[in-house]
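Take a look at this single chain, the form predicted alone, given in structure tokens.
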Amino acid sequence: MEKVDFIKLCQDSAKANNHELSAKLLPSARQYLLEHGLGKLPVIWLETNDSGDNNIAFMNTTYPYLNQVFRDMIDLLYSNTFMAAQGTDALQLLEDTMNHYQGKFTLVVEGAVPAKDGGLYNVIARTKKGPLTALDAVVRLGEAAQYVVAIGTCASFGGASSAAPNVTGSVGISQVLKRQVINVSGCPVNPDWFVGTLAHLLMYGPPEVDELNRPKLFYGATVHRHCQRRSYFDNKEYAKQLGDIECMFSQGCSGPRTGSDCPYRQWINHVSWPVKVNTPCIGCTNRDFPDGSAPFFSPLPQKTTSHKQQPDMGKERP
């Protein structure tokens, strides 16, 4: 499969709400590995300061399903969540994996990294030499990895873990690594965004990214651009309260400044998303989430909620 066909497949399969991603992507990945004599994409997955919602979102991936991703695309060598090993066995596994796959593995980080006080607010393991902090692990593994992927908004930009007052000094991965980090943001991430990014790395290397280092495949347009309620906005018809069918920009919807393909990608097996169930977009893929979106669902000033008046769009992206 050519790269342009891969990009079209990821985008069109979401818009058509069909299962072509599984039907075409996985066989293509298998064929690519066979033709190039390669193994699956080696992955080390670290979980740091977060709520664990992104690995749960990943487990909810459909078309392809989780077992298909493991079988045909990635070799998950270490993961706090998915592996059986614990204690010293897990630590040795991490060390052996890093040494064996030096410069060949993809580091996936879930969660922000506490940088204050030497990173002591998140400890991956306790060793005879002292605590191994998330900061230590991310820096060391990040320097040894071929690619680094931040999954979720906490890992990408700090997210909820770095929200005020941020007593742990938590930051996004790119703030502790002096190299490119591919940010797959979302709170939680849509599994398609993550699986699609891994597939791109496997077959074509790093994807084209936007100004926030997010794959343009999934973050290239705003929620507002493809929202099913866009016609209400264009006709200056705004919801007077939550539950109304009109555009919810008047109720604090962050769609005009939020990059993602949620309106047609959708969630929960591709059947729904917040606006579809009368909830405004809260901008969870943005760099300033959640502080920049708070308070959620706060209506705009009364003068902009009129059905006759166009509200200020701010810095809307295409």
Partner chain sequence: MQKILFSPVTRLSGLLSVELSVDQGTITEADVSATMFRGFEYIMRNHHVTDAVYLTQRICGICSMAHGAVASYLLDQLYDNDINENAQ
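Only a predicted model underlies this, so the values are computations on that prediction, with no experimental measurement involved. Positions refer to the first chain, counted from 1.
As for the form predicted together with the partner chain, it is not shown, yet the points below apply to it.
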Stretch in contact, per heavy atom within 4.5 angstroms of the partner chain in the model of the complex, of 196-204, 97-105, 122-130, 172-180 = 122-130
Given that the partner is absent here, does Asn213 sit within 4.5 Å of the partner chain in the model of the complex, heavy atoms only?
-> no
The partner chain contact in the model of the complex: Ile282, any heavy atom under 4.5 Å | yes
Can you check whether Pro27 is within 4.5 Å of the partner chain in the model of the complex, heavy atom basis?
-> no
So in the model of the complex, does Gln31 come within 4.5 Å of the partner chain, heavy atom to heavy atom?
-> no
Note which of Ser250, Ser260, Asn286, Asn55 lies within 4.5 Å of the partner chain in the model of the complex, where distance is taken over heavy atoms; exactly one does.
-> Asn55
In the model of the complex: members of 33-49 within 4.5 Å of the partner chain, any heavy atom = Glu47, Thr48, Asn49
